[in-house]
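Given as structure tokens, the chain that follows is alone and in the form predicted on its own.
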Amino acid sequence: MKHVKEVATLTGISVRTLHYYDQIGLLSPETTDNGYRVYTEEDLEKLQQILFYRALDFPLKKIKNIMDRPDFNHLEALYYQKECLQQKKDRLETIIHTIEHTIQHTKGEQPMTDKEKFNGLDFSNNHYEQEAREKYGEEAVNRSSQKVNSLSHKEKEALNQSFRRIYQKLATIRHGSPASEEAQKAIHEWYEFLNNNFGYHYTLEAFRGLGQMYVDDPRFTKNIDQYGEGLALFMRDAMNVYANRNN
């Protein structure tokens, strides 16, 4: 049995965060007669599970939903987490190699093709597909996946370039008003891009919901904000304005 301060020291998690986990029902240890939280070995194993999911950027609500399921299996979860983290490690190593190659290219020490510039940054590899299935339904995501998978390598590369171009354009205006004519024109282009390239038509409400997910899910926020800090929030607001104006 360990007290909350001991667990905080052991894991590097603040006492405040552990209290919050208890508050939301994610990790609720026993409480002594004098009101102190004490963590059993089982609690520590559960906390380890939580932190493995956090390493995969799962939001707390999602983690709670997974671990509260009656069919949740600790060992199966460990195998799943290991596989996902290995995939993440492989992708990060590829991106690091791309950065190193880019540094050498920028210094004039090594040539670099356009294709090599985007190794590890393939937009067609959707890391959030399961979340999308839950939010928008199996049919919509299946159709989107089928559409992307049916494209040739050249077509996928063109899709990636269009995607990056739109995000880069939005990033340059993210400090302005999301309701401005320029912002709404760029968001319209994003709306049309989604509807014309993935075999699924987003309603205005679905488009609005997608924008909200950019902010609610830290993985989306992190991915989008690579193009410019605050871009996810700007897109959320611009998408909300667009849905309201065109409803």
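Treat the numbers as computed from the prediction; the structure is a model and nothing was measured. Heads up: residue numbers just count along the shown sequence, starting at 1. We call the rigid core whatever largest set of C-alpha positions still superposes within 1.5 Å between the two forms.
This protein has a second form, the form predicted in complex with a further copy of the same chain, left out of what is shown; the following refers to that one.
> Does the trio 48, 106 and 121 actually contact a further copy of the same chain in the model of the complex, every residue with a heavy atom within 4.5 Å?
Result yes, every residue of the spot touches a further copy of the same chain.
> Indicate whether residue 17 is a 4.5 Å heavy atom neighbour of a further copy of the same chain in the model of the complex.
Residue 17: no, not in contact with a further copy of the same chain in the model of the complex.
> Whether residue 168 contacts a further copy of the same chain in the model of the complex should be assessed with a 4.5 Å heavy atom distance threshold; does it?
Although a further copy of the same chain is absent here, residue 168 would stay clear of it in the model of the complex, with no heavy atoms inside 4.5 Å.
> So, in the model of the complex, is residue 55 in contact with a further copy of the same chain at a 4.5 angstroms heavy atom limit?
Yes - in the model of the complex, heavy atoms of residue 55 and a further copy of the same chain come within 4.5 Å of each other.
> Would you please decide whether residue 44 lies within 4.5 angstroms of a further copy of the same chain in the model of the complex, comparing each non-hydrogen atom pair?
Residue 44 belongs to the contact set for a further copy of the same chain.
> Which of the residues spanning 168-196 lie within 4.5 Å of a further copy of the same chain in the model of the complex, based on heavy atoms?
Nothing in the stretch sits within 4.5 Å of the partner.
> Does residue 226 count as moved between this form and the one not shown, where moved means a C-alpha shift of 2 angstroms or more after fitting the rigid core?
For residue 226, whose C-alpha is compared between this form and the one not shown after core superposition, the shift is 2 Å or more.
> For residue 116, is the CA shift between this form and the one not shown at least 2 Å following rigid-core superposition?
The answer is yes; the displacement is at least 2 Å.
> Note whether the distance between the C-alpha atoms of residue 84 and residue 226 decreases (closer) or increases (farther) in the model of the complex, against the displayed form; the change is 3 Å or more.
Compared with this form, residue 84 and residue 226 lie closer in the model of the complex.
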